[in-house]
Structure formats: C-alpha cells, structure tokens
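A single chain, nothing else alongside it, follows as structure tokens in the form predicted on its own.
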C-alpha cells in the first residue's frame, strides 16, 4: 500500500506509514490531491541521520486521512509547481530542516528562525529578506507594519501598486515565533496543555480539543457522552464570540458605528458565557484530556440558555443593520473576491473557503466527539468577497446557537472527566477540529517510551494567509483593512 489510511482521532503504529521513494511520494501526493484530497499537514522530521517527509492528505468525501512518507537528503523535487497547496509547507520544511524543494517558485523563510539541525547561521531577523518587486513606470511599493496603528499583532505587508491598484501583496510574518511545537516534544506533561491553549489565544478551545483528542487516540481513552457534549458547547461558544466580534470589526472598517459598537459588546456577552462554563472567558482550563474540567449543573444551564437567547436577539438586530444599509453593501460586495477555483487550488479552510462556495467543514467531513451524533449544517456563500465572508459568519452564529440549545437541553448523564491511559509507544495520531477560523490539525507522534517524539500543529491561518494575498490582487490599497479583517487570521497561530 502507498498510504496508511486513518480516521480522525485514530492512532496507528507509526512504522506502518509507507516509506516511499521521493518520486513515488511526490506521485502519490499529487494523485491524492487530483482525486479530491487536500494537504492537511506536510512536514519533516528527523529519522536517524536522514530526514523524513510526512504528508497527511484529508479526503472529505471518504472521511479519511491518508499518510505517506519519504526519506530525503538535502533536496527533493518541489510539489508546489504542480500543487499550490504545498507552497507554505515546503517553505516551512526548508526553513526548519534545511531540505530544499528544488523548483519552488518563491522559497524564503516564513518564521525567520535558526534551522533546527545542522550548520550555523548568524543572527536571523524577521522580515530581513528579498521581497517580490514589480518594475514599471509609476509602479510603487507600500510597506505596512510590522508595527501597526492599532493594538494588534505584528506582521509585515508589502504592496506592489500602480496608483491605488494593488498588483501583488506579499505577507511576511514570524515576529511571534515561540517554538511551541518544539516545546511540546518530550511530553505529554504539565506544560503541554498551557502551551496548546496559548498557540492562538482566541482559539483556546479549538487547539485544546485537538490536543486532547490526539492524546486520547494515542492512549485509546474513551470520553463520556456528557463530556463530548460540553466540549461541543464550548467550541461553539468560542465560534460565537469571535464571529460576532469579526462582524463588528468589519462594520468598523467601513465606518458603520452602530453595528461596530453593538457587536463589540455582544462579543463580550458570548465570552462571558464561556466564563460561565469554567471561570475563564477564553476557556482556559475547560478542555482536558479525558473530558472537561468543569460540569454544567441545571441552574447554570438555565442561565446559559437565557443569556444566549438575549445575545442572539441583540446580534440579530446589529447584523441586520448591515444588510439593510446600502453604503455598507457597496463596500462589502465585490471587494476582495477569491474564486472557488483559487480557494480549492490553495487549500483554503474555514469561513474563507465556505464564502467561496466550498462546503468544507471538519465537523461534517471528519466528525469526532459530539459531532458524530449532532449535525450542524454547513454555511456557504458563493461570491467569495467580503460580503460572503461576513454573511457566512452570520449564518454560523445562528446555527451555533441552535446547536448549543439542543445540547444543553439534552445533556446526557455521566462523568465529565476520566483518567487517560498513557500514549502507546511508536504511535501516530492525527486530530482535526473545526475551529472558528477553520480546520485545526494536530499530528502527535510518540517514541519507543510513549513520549512525544514530534508534535505538528497546523493552525487554519497557515492555510489562509496566502488567500488574503490573492484577495488583494486588483483591489484598491484602501481595501486592505477591510479584506484583512474579513479573513481575520492569527499571526501567533501561524508563527507558533
């Protein structure tokens, strides 16, 4: 067999991943993508004195994850010219391990750190690199960041423009690289959960859930139905808070203050519902391997439903103001379009993909936990513009509220936390969770002692930053803040 086929959260002997020649590895990956799979993860890991490339290919139609690997030397033929989804991954592999994808069209660092193995380099400064340039009469360059006017994370954006028209946007990140993956190696331990919860602070539940499900798969631990339902409630509350905040921020970017002001407050209402669950507005301490750290007794459940209904009514009024205001729609519609073809070629995920008409959602495609039993309809739009990315969020707000109501009303009995079995030796487990930005992928590999030999995290922002760059092509440079907010990607989730 050319691939090892797994289900979401299922563990297997890492030695069963087929080791292919580089030629066969490249062929298998391209064939899998051609038949509808998508690169969920693609990374390198040391294998004795050599390097091994590992690909995780997600096939939504079959709900399967196909793994294959290849041993490589210092270089291999790049996949990117034939499979643009591999673009960012191959840049990461080159930076981390010094394995060069020959023929990659734009090979440069993505996090600007020292390589993890071999050789010595001088000081590495984020953003110190050659940028793409467009030459021509009246063509000019605009550089934005890494320090921005607002209280936001650092990132550098380089525009090639003719007048106000953007020909090309290059995005340079890496200012918040913390080495989270490297810090997880050797675990699991007491530090593992705090690291995972802060990979991207606004996605605490999403990343903690991906980690917990990976660890449970490695140890074959079964989580109670009650804990699974409570995890689902927390995940959707996280989605509600961030979607409401994003809609308000989009309104603010076009100067429409009524919705901006309302949604800023409503975001806090949803965050406070997460605090009602566990005492922390971002959900830290709630998800734990084996279940959840807090239960929801009837009195608080009743309070949660009452406050949830009030928040929904408020956000409905605030959001409908947008759709009824022609000046807002004039700015949203037709701005920052990403076609379905571009979306599929780049492997975009989350609301960004669904706004381009791609029905891609890990809750439906690779269901785990409560989502094996409770279905949330996938919300899509087909225009691929700022309006679509805002409208998909609104649809998801309504459907997340309906899901939470159903789960709170029918919470099964049982314990909320069980003791997890230690991870088995020489195992691998891939865990996918649909966070509010899109698909979160954690790949945990253990050594002969059952410790993490390697831990790979792919935040949805890793897939989607290139989508933002494509959305700016042909736009006015003044559209950048609006397009940027319509994606609302994580700098730290990417830089991890």
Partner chain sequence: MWNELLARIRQGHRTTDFPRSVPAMPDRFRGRPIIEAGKCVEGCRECAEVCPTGAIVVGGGVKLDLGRCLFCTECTNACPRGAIRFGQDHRLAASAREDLMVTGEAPTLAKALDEEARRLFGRSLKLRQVSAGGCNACEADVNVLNTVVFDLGRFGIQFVASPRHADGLLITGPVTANMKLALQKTYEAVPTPKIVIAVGACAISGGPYADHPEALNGASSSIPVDLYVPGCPPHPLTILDGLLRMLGQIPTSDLR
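Positions refer to the first chain, counted from 1. Keep in mind it's a predicted model, so treat the numbers as computed, not measured.
Note that the form predicted together with its partner chain isn't included here; everything after this is about it.
In the predicted bound form, its partner chain sits within 4.5 Å of a heavy atom belonging to residue 201. Although the partner is absent here, residue 190 is a contact residue: one of its heavy atoms lies within 4.5 angstroms of its partner chain in the predicted bound form.
Using a 4.5 Å cutoff between non-hydrogen atoms, residue 224 does not count as a contact of its partner chain in the predicted bound form. When its partner chain is considered in the predicted bound form, residue 299 lies well away from it, no heavy atom lying within 4.5 Å. Using a 4.5 Å cut-off to its partner chain in the predicted bound form, each of 154, 179 and 279 places a heavy atom inside that distance. Of the residues 232, 290, 367, 174, just one reaches its partner chain in the predicted bound form with a heavy atom at 4.5 Å or closer; this is 174. This chain is displayed alone, yet in the predicted bound form one of 275, 395, 421, 75 has a heavy atom within 4.5 Å of its partner chain; that residue is 275. Comment: 312-320 is the region of 312-320, 211-219, 384-392, 162-170 lying near its partner chain in the predicted bound form, near meaning a non-hydrogen atom within 4.5 Å. Although its partner chain is not shown here, in the predicted bound form the stretch 233-269 places heavy atoms of 256, 261, 262, 264, 265, 266, 267 within 4.5 Å of it, in sequence order.
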